[in-house]
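Only one chain comes next, encoded as structure tokens, the form predicted on its own.
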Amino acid sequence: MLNQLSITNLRNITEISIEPTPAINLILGNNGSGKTSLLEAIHLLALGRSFRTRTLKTIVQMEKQQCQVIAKTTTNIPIGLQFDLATGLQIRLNNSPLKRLSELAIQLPLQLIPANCHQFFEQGPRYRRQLLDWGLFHVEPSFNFQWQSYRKVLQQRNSAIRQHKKTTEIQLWDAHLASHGEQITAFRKAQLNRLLEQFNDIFPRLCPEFSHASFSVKYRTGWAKEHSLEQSLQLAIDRDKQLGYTRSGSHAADWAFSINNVDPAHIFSRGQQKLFFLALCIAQAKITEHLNHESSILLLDDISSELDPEHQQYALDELDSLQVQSFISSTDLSLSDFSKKAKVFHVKQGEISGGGDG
């Protein structure tokens, strides 16, 4: 969690400084005022990347050379990020240069609920895997090792395929890939069971019209269920050589929830899809807090989009009850009346005011 945040020369924000509450922080203002830029700055600080662009040069304010985001956590650990057009990205954690971005993620477990989060149902399996693996990174100590090891072996196997190595040479990697892949699968299935349990508790409060619905989850491993991963790799070697890469494995896995045995995308409105995604993120945050005693940060961009006042209230009530620090943006200035526990900031043309209770 953050207890201080300063932003300089980032998009239309020239210089602002706030002291957020560990609970709900409402960021209110008109379109183009700088609300999403403030969320983007927090995302940069926690993950070292933007959710709005792949080219960080575009985040630097026009006619400026660099932008900065500086913060202090509730455990008094200083974090500083600077992007310079000439020298690139520099991050300091606890006054020392950052060695790995994973160290940032450990300090600031963060989840983003973007304005277009209904695309969760439209985007491919990679997006869903990333959401699931985020939770595992924070609750399963060996998951990152298993996943990084799996990726390295997969790269080696794919390289051997592209170089047209002999089949026996390609298959030298199969046992290692299968070992890591099977462990990743076990971790993911356990996390999905925890996620479903929490989701079944949370979603009816966010969306009472589905309070009597039955949810289930299905995980597809990424290879034929009648075989082990190693067997699947061996059986598919000719296909992989034709394709030029390894098709089967944990990198091809997918998962999905169903409601009364129906795909939610077929029956949910846009607003209900947004609440569905929010419930998943809250569930992951609760699991992380319970298993790893880490409080998460949730960035919720444009809560008013697709949600009526009643469902916005349900969402704020749920966030009020959690050990989660949330930053919620909205163009609805009356939103400050919804939560008395919230700290309200008003953003106008890149400048910020307020910071009082809702």
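Residue indices: 1-based, along the sequence shown. Worth saying up front: this structure is predicted, and the values here are computed from it rather than measured.
What comes next is about the form predicted together with a small molecule, which is not displayed.
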(message) Residue-level contact is defined here as any heavy atom of the residue lying within 4.5 Å of the small molecule in the model of the complex; does H43 satisfy this criterion?
(response) no
(message) I'd like to know whether S321 contacts the small molecule in the model of the complex, with contact meaning heavy atoms within 4.5 angstroms.
(response) no
(request) Please run the contact check for N31 against the small molecule in the model of the complex: heavy atoms, 4.5 angstroms, yes or no? (result) yes
(message) Test of understanding: in the model of the complex, would S37 fall inside 4.5 Å of the small molecule by heavy atoms?
(response) yes
(request) Could you tell me which one of S50, N292, Q61, S304 places a heavy atom within 4.5 Å of the small molecule in the model of the complex? (result) Q61
(request) Among 66 to 74, 52 to 60, 292 to 300, 307 to 315, mark the stretch whose residues have heavy atoms within 4.5 Å of the small molecule in the model of the complex. (result) 52 to 60
